[in-house]
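Below you will find one chain, with nothing else, as structure tokens; this is the form predicted alone, and questions on how it binds or moves follow later.
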């Protein structure tokens, strides 16, 4: 009876996830029984996400763990301000993806399986919600698989396009390897500590003797699984092919929401499992890592590798989606540098970066989608002279690319400023310099697109036709990208509130 009472109590804090689950089933049923009413699917999706957002704002944070296992008063799930921050980013990404899908030529032409598209998008969102709040390695793995399986199918949604099927197949192969490595790491860590709960793992590591080499191997395997989700080198190989082959709407949501969920669980795993809470320097906000292995050293190497490889590979790309894929790898590298600090300012910088990255990256993909639907091409050379034929779209794309570079007065500058300032303040000057150099490298391939649009003669027959929906969505992404470049206090306050749960 106690277990039943615990489950019923936990459900009071589980309303957002329940709302997403119901959205998934409603979309399946509508597609099954009302096949002539497929226009209802995006509307129902939006209603479901709005209701999920309402519950996310109104459901209080749990004072303890949910779905307790009865051992040491720990559970499988937790709802806190940290998870709420990432769930908000995920939810906004899903809403924008549905809005993009309504206007997408690729999605509207695929009438046969459009119901599965919106249902899988809801399933994808549910998996990411579960991933951000899970505190047990088994529930983390199950949520990880739920996200992966949904995204594998969505990546190959346009079945008649050969590159889409190829993208889906490559995604499955790389995902299966990452999943296998991750579950093997979990099994080693369980064998070492006797538990899969990350709080109990921390308790064991802080109070018992253990084999350091075994712990490092297990930790790296698990981080490798998370690294697959965030496109961290050397687990990034799937990203360019999948981003190029998937519909642009799915590429957009993978580049933001999937990364957000991956970073959320990576932060929680490292911060909870490997931090020495008994250390006195925690009071100074510095993370005191448990003796045996300094995780910041390996994270520094992965950060430099990820941002450098992403930017250098982007230099040679002619396909704009593929270029943005390597760009997203580079941005994952920038955000990874926040971990290296092992300080609350590093995590704060990551949270600020993600909120800004949401608007500028989705904005770039949205404009690319609109131009691609009209041109029938994503080749950068086909953008030649578009600045004079489609000034609204090209100016908007330029602003998003400038922000992605990190040039003031756009919000991208604030994102990188907070990140690099945190590195400098904590003695990681060389890593901040590497980040600055990489930002300069990224300027070349971003401005190459701008040069083609505005500084070369037009060879395109493109004719601009701007609809009200295009303008409204574009402005909803442009305004935050510009406003957060000059007024960012509310964003910083929200991010600061979100990291207090870690005792900072």
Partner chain sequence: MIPLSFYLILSAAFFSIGVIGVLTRRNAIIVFMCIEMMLNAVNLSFIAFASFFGDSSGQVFVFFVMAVAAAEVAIGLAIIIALFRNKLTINIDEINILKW
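Worth saying up front: this structure is predicted, and the values here are computed from it rather than measured. Residue numbers count along the first chain shown, from 1.
Another form, the form predicted together with the partner chain, is not on view; read the next lines as being about it.
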Checking a candidate spot here: are 145, 191 and 244 all in contact with the partner chain in the predicted complex (at least one heavy atom each within 4.5 Å)?
yes
Consider the chain as shown here, without its partner, and state which of 372, 398, 196, 426 has a heavy atom within 4.5 Å of the partner chain in the predicted complex.
196
Ok, 114, 416, 271, 322: which has a heavy atom sitting within 4.5 Å of the partner chain in the predicted complex?
322
Partner absent here, but in the predicted complex, which of 347-355, 83-91, 147-155, 260-268 has residues with a heavy atom within 4.5 Å of the partner chain?
147-155
May I ask you to state whether residue 391 is within 4.5 Å of the partner chain in the predicted complex, using heavy atom distances?
no
With the partner left out of view, is residue 165 within 4.5 angstroms of the partner chain in the predicted complex by any non-hydrogen atom?
yes
Check residue 179 for me: does it contact the partner chain in the predicted complex (non-hydrogen atoms, 4.5 angstroms)?
yes
Is the gap between residue 235 and the partner chain in the predicted complex 4.5 Å or less for some heavy atom pair?
no
Applying a 4.5 angstroms cut-off on non-hydrogen atoms, the residues of 171-187 near the partner chain in the predicted complex are 172, 173, 176, 177, 179, 180, 181, 183, 184, 186, 187
